[in-house]
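What follows is a single chain, given as structure tokens, in the form predicted on its own.
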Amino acid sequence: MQTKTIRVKLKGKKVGIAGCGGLGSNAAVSLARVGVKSFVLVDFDVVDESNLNRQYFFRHQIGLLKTDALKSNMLLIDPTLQIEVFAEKLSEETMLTHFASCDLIIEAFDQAEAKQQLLESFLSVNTGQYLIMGNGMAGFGGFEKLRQEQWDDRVYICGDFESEISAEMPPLGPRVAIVANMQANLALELLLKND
């Protein structure tokens, strides 16, 4: 399939990004680069200096809302993008309403509880959407352990499924970006699957 054909097919697709940190910011940028035109970004946090080792932000953006900073960076790549932002923590009520118009959702939360809440909300309705989750990307090395698995008809997981983030195993740019791009690559596969 030619790049032009891919871009034409992706033009009408919309991707939700649940969390705009390491996974979310890198996956969103990759998808913007290949031709996805519409996004919904949800995150309550602001850019911190400690984020710069793995998230798609820049020093001058420290203190900005991650949703606003990411939207700005994506528009530098493609000024024709349509990007909705919700600078808030997702609640049980908004977990799916913000993403209702999306073809798929990329889960990129730090907290296991938030991941579980999104998964449960997602599974409670059958909208035909896909959910791509991240699990296990801390530290460095171990590339051969990274993989994607299909959890059910609509849920996929990317990562090594074991490396927990800790002081000894922090999230670092290379491994986080690899998993984020695994999510973005799988998103492309799913978005183009029936077209």
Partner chain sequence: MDITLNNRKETIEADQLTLNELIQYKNFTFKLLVTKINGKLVRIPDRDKAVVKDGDKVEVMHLISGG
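Positions refer to the first chain, counted from 1. These numbers were taken from a predicted model, which means no experiment stands behind them.
Keep in mind the form predicted together with its partner chain is missing from the figure; the text below concerns it.
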query: Its partner chain in the predicted bound form: contacting segment from 81-89, 97-105, 67-75, 112-120, heavy atom within 4.5 Å; finding: 112-120
query: In the predicted bound form, the one of F143, F58, F44, W151 near its partner chain [non-hydrogen atom within 4.5 angstroms]; finding: W151
query: Heavy atom within 4.5 Å of its partner chain in the predicted bound form - residue from S38, S163, S30, Q129; finding: S163
query: Its partner chain contact in the predicted bound form: G139, any heavy atom under 4.5 Å; finding: no
query: is_contact(G21, its partner chain) in the predicted bound form, heavy atom dist at most 4.5 Å; finding: yes
